[in-house]
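The form predicted alone is given below as one chain in structure tokens.
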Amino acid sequence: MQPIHYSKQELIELLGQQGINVTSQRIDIARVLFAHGDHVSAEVVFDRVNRELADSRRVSKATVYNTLGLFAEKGLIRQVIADPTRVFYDPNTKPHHHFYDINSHELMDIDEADIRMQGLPSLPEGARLEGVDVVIRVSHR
């Protein structure tokens, strides 16, 4: 995803459209997520936000984790679990899949059209399909 540099007012509107109460910390976290446009861990978001803020406005790690969870729950970003120890946050919410390089820990987008699904199992009674996320793990030897 290409980086998007939203104004403060645009971020306020974006959060509001998703039903997210606006706080200065949430605006700062959203700005960092979209300004870089890459797949990031909570730790990277924490570092980036605090590197860009004055000491008087620092954001706690708990706030970053809670905010990322809220953003994912509200559909503002996607949470991608690349392996049991790596969770990434993706500002690209359009349907797509991922390559995950287990050596570099890099997550890369795969266009949805590049993967064809067929033969999915029958869904449990009363369930509806919300989506399919594919993570293809690769390594370089």
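Note that the rigid core is defined as the largest set of C-alphas that superpose within 1.5 Å between two forms. Keep in mind that what you see is a predicted model, and the values were worked out from it rather than measured. All residue numbers refer to positions in the sequence shown, first residue = 1.
Another form exists, predicted together with another copy of the chain; not displayed. Remarks below refer to it.
> State yes or no: in the predicted bound form, is some non-hydrogen atom of residue 51 no more than 4.5 angstroms from a non-hydrogen atom of another copy of the chain?
Taking the distances in the predicted bound form, the answer for residue 51 is no, it never comes within 4.5 Å of another copy of the chain.
> Please run the contact check for residue 99 against another copy of the chain in the predicted bound form: heavy atoms, 4.5 angstroms, yes or no?
Taking the distances in the predicted bound form, the answer for residue 99 is yes, it comes within 4.5 Å of another copy of the chain.
> Answer with yes or no whether residue 133 is in contact with another copy of the chain in the predicted bound form, where contact means some heavy atom within 4.5 Å.
Residue 133: yes, in contact with another copy of the chain in the predicted bound form.
> Residue 35 versus another copy of the chain, in the predicted bound form: is there a non-hydrogen atom within 4.5 Å?
Contact with another copy of the chain, no.
> Identify whether another copy of the chain in the predicted bound form is within 4.5 Å of every residue in the set 87, 114 and 128, based on non-hydrogen atoms.
Checked in the predicted bound form: all three residues contact another copy of the chain.
> So which of 60-68, 43-51, 23-31, 105-113 is the stretch with heavy atoms within 4.5 Å of another copy of the chain in the predicted bound form?
One stretch meets the cut-off, namely 105-113.
> If you apply a 4.5 angstroms heavy atom cut-off, which residues in 81-98 are near another copy of the chain in the predicted bound form?
Those in contact are 81, 82, 83, 84, 87.
> Fitting the rigid core first, would the Cα of residue 118 be found 2 Å or more away between this form and the one not shown?
Yes, its C-alpha moves 2 Å or more.
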